[in-house]
Structure formats: structure tokens, C-alpha cells
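First, one chain by itself: the form predicted on its own, in C-alpha cells.
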Amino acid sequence: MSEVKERAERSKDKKAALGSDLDLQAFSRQGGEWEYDPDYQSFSPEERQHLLRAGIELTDLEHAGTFLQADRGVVHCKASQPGLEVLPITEAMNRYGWLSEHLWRLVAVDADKYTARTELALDNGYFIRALAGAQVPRPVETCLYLRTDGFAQHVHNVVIVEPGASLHIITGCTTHPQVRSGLHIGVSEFYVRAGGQLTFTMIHNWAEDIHVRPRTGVLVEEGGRYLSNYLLLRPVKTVQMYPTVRLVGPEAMARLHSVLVAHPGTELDVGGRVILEAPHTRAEVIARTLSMGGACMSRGHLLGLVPQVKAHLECRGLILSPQGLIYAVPELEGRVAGVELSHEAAVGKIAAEEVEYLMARGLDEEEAVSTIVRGFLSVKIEGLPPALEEEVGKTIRETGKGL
């Protein structure tokens, strides 16, 4: 049986995750201690360029706050605006006794072996809080960085947006240019209080043999807004990610957008669940997936528990290689009358007539295909710094070349 057929057989069971069940003992916990660097002086030009591909600019300018963790060490942490707190999670836990009530409330500590390992062998993570009414127009930049080959990084993040506050976090997750293997486990719990807004943009720029296990829970109260943007455009070994968002107050809203490229040898198991628990809540889950030879399972689940809720799920995929695999799993679940849930899913290839149309207007075949791919992947994310927006566009252009 071919590799593609084997993956297809495995994916028939929608509960079976793509990506092998990892042996946690295969990853190192040695080293990973890095000195605090208040001025980013320890980063080489090569590292700086590599970090920029994940949106990390290594500057406190144009950012309301910054946080950078390399392996287990916090290398940089700063808040630059009143009403904003940025701390290592271990420091925040020592400072605020009430924080313990927010840990493991949205993500179960015993959800799987990855969450359990994070609790038992925590490295660090970030605590970010926007105080009540604080408007934070500039983004907070965070980076979770693998700097040692073969290292297993365990982080736990907590974000709290107090009532009426507004916050945009840009998280870049990446590796040192010379790092090829490793494991990142990231537990994240986000609280959006009444009338608050959190925009969370995550850019993954890993390496060919990196395994990634984010575990995320989000709670949105009355009138709150949670906007999530996720970009994965470069090679990685495996990713398993399925955030759950609970809309618990009337008029709460969530929007989850993702753009994914599965390169040869990559296995992605990604998606999201939104639970609508209060009337007049709304949700939108949209995924764009491109397989260049890798496998992607794209999941989505909308659960309406009360009347007068509305949500839409959309998954579109393009397969550009005979070895590619995209498996879409849209789920709609309404438990009472009066819910309005919809979905749209499509997996296909680039239509010959689209290529011919562009070739008739002067493009050669490669340019035509590249143009279609760029249009499929292009996404406008509000609030990105110009340098990061340019880097995202450059990556999308590179992805379209040579197809």
C-alpha cells in the first residue's frame, strides 16, 4: 500500500489524529538555559533574519510589549504601555495568588500526555494582561524559540483581557537556523472579559523535523470579541492543534482564520471548535489549506447549545501534488431549536481553464499557477507591522514558485 493510501486509511476515522504518537523520552531536556538579554545583543544577523520570518523583529519599538523565551529561558520581557502587564508565567504565579484559579480551567491538565508533561516539567511561558478599559493600539510581540537541537520546550501561557480592554498579540514560534529537530508543547488559556477584544495572530516557522503540540482554550464573556489568525507556510514535521472557544455571554463573537501549507513529509492535524453557550453569539471558522505533498486533516466543530446563535464553518483546500492529502471534517451540532449553523467544504486542484485564462494574457504556465496559489493563500491581517506584513507576502510568493 502506498504512503498516501496508508494515510488515507488512517484518516477515515475522524477521531484518529494525524502525526505519530510521540515518545517524549526521545527529546532532550538538557541545556536550554540562556541569559537575559535586555537589548537583544546575543542574536546573530543570521538569527535575526530567521526570526523575522516568524514576525519577530527583536526590537521594543512599535510594540506595546515584548516577550521572548528561548528553550526554557526567558531572554526578554517588557511592557511599554500603562494598563498592560507582560510577565513570565512563573513570576506572575508568585506575584498573584488569584492566578491559580485561571490555570488549567480552560485546558484540562489531564487532557493528554502533553498537557500533563507541561504541568510536571514547566519551563515557563507568558502572562499578559490588559487592565480594564485599556486600549492597546500597538501589538504585543511574543516569541517561543527553540534554540537547542532536539530540545523539548514546555510552556504555559495565560492572557487576560479585562472588561472593555483591547489587545493584539503577535506570536512567532520558530527555531534557530541550525536547529532541525525538537518538540514544542504550548498550553494557552485566554480570557476575554465583558466588552473586551483580543486579536491573536500566530505565525509558525518551524523546521523539517519539529513536532508541535499547542493546546488552547478560550473563554469569551458578554459582548467580547476573539479574533484568531494562524499562519503555517513553511515545513514542519507534525502539528496537532484544536483550540476550543467558549462563547458564554450574550453578543460574544469569535472568528478563527487559518492559512496552512503542507509540504512533503509534513502531517498537520488542525482545526477549531466553537461552543455557543449564550444567545446572540456568533462564530466564523475559515481555513485555507494547500498540500504540496504533505497531509492535512482540517477539522471544525460548531456547537450551538441555546437558541438565537449563528455560526459558519468553511474549509477550502488545494492539492498540488499526487502525494498530497487533505481530509476535511466539518461538524455542525445543534442541540436546541433556533440555532443557525452552516458549513462549506471543498477540496480540489487548480482548474486547467484558470491556468489557460492567465496564459492567454501573457503568463507562462509556472507564472499562472504561482499567481493562482498566491491568490488562494493571500490573507489580510489587520494590525501587522509593515516589516511583518512584507515578510508574510514574501513567504506566500515563494510558496507559489516552481509548482
Partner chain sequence: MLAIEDLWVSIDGQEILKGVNLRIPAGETHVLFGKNGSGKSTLLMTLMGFPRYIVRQGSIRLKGQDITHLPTYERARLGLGLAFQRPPTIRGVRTRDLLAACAGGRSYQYLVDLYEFAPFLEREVNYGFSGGEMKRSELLQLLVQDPAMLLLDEPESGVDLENLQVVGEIINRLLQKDRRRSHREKSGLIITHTGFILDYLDADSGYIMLEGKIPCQGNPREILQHLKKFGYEECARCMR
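Residue numbers count along the first chain shown, from 1. The structure displayed is predicted, hence computed values, not measured ones.
The following text describes the form predicted in complex with the partner chain, which does not appear among the structures shown.
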Worksheet item: Just one stretch in 247-255, 276-284, 194-202, 310-318 has heavy atoms within 4.5 Å of the partner chain in the predicted complex, so which one is it?
Response: 310-318
Discussion item. Considering non-hydrogen atoms and a 4.5 Å limit, which listed residue (F27, W34, Y357, Y40) is close to the partner chain in the predicted complex?
Written reply: Y357
Discussion item. Between the partner chain and L146, T171 and R180, in the predicted complex, does every residue show a non-hydrogen atom at 4.5 Å or closer?
Written reply: no
Worksheet item: Is T59 close enough to touch the partner chain in the predicted complex, meaning at least one heavy atom pair within 4.5 Å?
Response: no
Discussion item. When the contact criterion is heavy atoms within 4.5 Å, does G348 count as touching the partner chain in the predicted complex?
Written reply: no
Worksheet item: Is there a heavy atom of I372 lying 4.5 Å or less from a heavy atom of the partner chain in the predicted complex?
Response: yes
Fill in: is_contact(P45, the partner chain) in the predicted complex, heavy atom dist at most 4.5 Å
no
